[in-house]
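Okay, here we've got a single chain as structure tokens, the form predicted on its own, with questions on binding and movement later.
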């Protein structure tokens, strides 16, 4: 971050009730946040776009010590980016309702990075948690990052699955990035920051309010190449994410469930409406063109496993029937971290799959 270059953008985020929608209207009348900052009260009144409360809030914000605000963000390892900044994600620039700025901890996703959005019920079933973890783990094994909202239930399971695969994962929050919500996810929050990022368009210190969560869902959809729903009631908030995803032309996937099961109603309705069936990570990998590329590479480079001795030792222990990780460790005589590392490499190359948690097999 560069204080001199970004201070007026940062200032604008601290104007009371300057939400993204209002800020977008303001920037239609002013060329930049700096121009807004420099405007006198009479100039603000002449525009006709501000209420008396708006003008009061803008003038009051000019009294803030922005350098102190900047230093406080730095102390908390919070970074800031905005439209026009080199660090702003290019994927977001495609959309008219993009966030004008983002606060984040960690590292934002790269512009070429493949990302799968995954959302679902907070009060989910064990089956939903297991499937979310499994599918995210499978995606992560092929280098696909997972983005979600860090809520309890399916969101948290999606993040965990990606982390288990050693992949990157990103959380878009409906509060400030310095607030872990729900509090029970504090360890997950720290892991996400270390292996991706938590991000928000809300100023640090902003408490979680119900209306902010649908807003953050649009950012999940914007950054995702495909979007999956794992368990959702008929009128679930998770379906807001798919509504945005459809607007943005993203392919939707839904995990099927039993007819009449309340947690499956939303997903089953999505499938009836044209969403693709989701049963494993491969479904989404094909949509992103990853499996097709891997198949071509496997045909050309099938001898690579023989050439890489460390990989060959582990690969030779596998067959088409899944084997438990403990059995693989015993047979190879290697440490668990070594085996996990080699298996991750083999999965990323397309030679190995993990159909069940901690069970590995050769890819057919």
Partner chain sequence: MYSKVYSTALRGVSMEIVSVETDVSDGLPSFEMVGLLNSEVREAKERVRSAIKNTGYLLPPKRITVSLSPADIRKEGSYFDLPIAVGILGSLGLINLKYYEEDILIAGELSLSGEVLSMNGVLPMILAAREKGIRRFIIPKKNAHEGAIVDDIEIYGVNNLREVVDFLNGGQIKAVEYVDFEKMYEEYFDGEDRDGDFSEINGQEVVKRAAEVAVAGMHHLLLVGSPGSGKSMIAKRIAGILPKPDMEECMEITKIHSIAGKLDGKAVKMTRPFRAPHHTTTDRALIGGGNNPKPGEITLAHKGVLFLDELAEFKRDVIDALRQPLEDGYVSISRVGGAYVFPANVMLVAATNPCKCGYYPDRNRCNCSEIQVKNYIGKISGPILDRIDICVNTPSVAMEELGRKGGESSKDIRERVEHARKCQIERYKNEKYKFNSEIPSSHMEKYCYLGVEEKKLMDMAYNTFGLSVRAYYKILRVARTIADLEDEEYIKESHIAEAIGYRTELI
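Note that the rigid core is defined as the largest set of C-alphas that superpose within 1.5 Å between two forms. Owing to the predicted nature of the structure, the values given are computational and were not obtained by experimental measurement. Residue numbers count along the first chain shown, from 1.
The same protein also exists as the form predicted together with its partner chain; that form is not shown, yet it is the one meant from here on.
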Next on the checklist: Using a 4.5 Å heavy atom cut-off, which residue among 243, 261, 97, 251 comes into contact with its partner chain in the model of the complex?
Outcome noted: 261
Checklist outcome for this item: As a check of understanding, the residue in 27, 329, 55, 49 with any heavy atom within 4.5 Å of its partner chain in the model of the complex should be identified as 329
Checklist entry - Quick one: does residue 324 come within 4.5 Å of its partner chain in the model of the complex, counting heavy atoms only? => result yes
Next on the checklist: If we define contact as a non-hydrogen atom of the residue within 4.5 angstroms of the partner, is residue 76 a contact of its partner chain in the model of the complex?
Outcome noted: no
Checklist entry - Given that the partner is absent here, does residue 184 sit within 4.5 Å of its partner chain in the model of the complex, heavy atoms only? => result yes
Checklist entry - Taking 4.5 angstroms as the cut-off for heavy atoms, does residue 275 touch its partner chain in the model of the complex? => result no
Checklist entry - For the spot marked by 125, 336 and 354, is every residue within 4.5 Å of its partner chain in the model of the complex through some heavy atom? => result yes
Next on the checklist: Given a 4.5 Å cut-off on heavy atoms, tell me which of 262 to 270, 195 to 203, 154 to 162, 77 to 85 is the interface stretch with its partner chain in the model of the complex.
Outcome noted: 262 to 270
Checklist entry - What are the residues of 332 to 347, in order along the chain, with a heavy atom within 4.5 Å of its partner chain in the model of the complex? => result 336, 337, 340, 341, 344, 347
Next on the checklist: After superposing the rigid core, is the C-alpha displacement of residue 336 2 Å or more between this form and the one not shown?
Outcome noted: yes
Next on the checklist: Rigid core aligned, does the Cα position of residue 327 differ by 2 Å or more between this form and the one not shown?
Outcome noted: yes
Next on the checklist: What direction does the residue 280-residue 346 Cα distance move in the model of the complex compared with the shown chain, closer or farther, given a change of 3 Å or more?
Outcome noted: farther
Checklist entry - Any idea whether residue 134 and residue 334 get closer or farther by CA distance in the model of the complex, knowing it moves 3 angstroms or more? => result farther
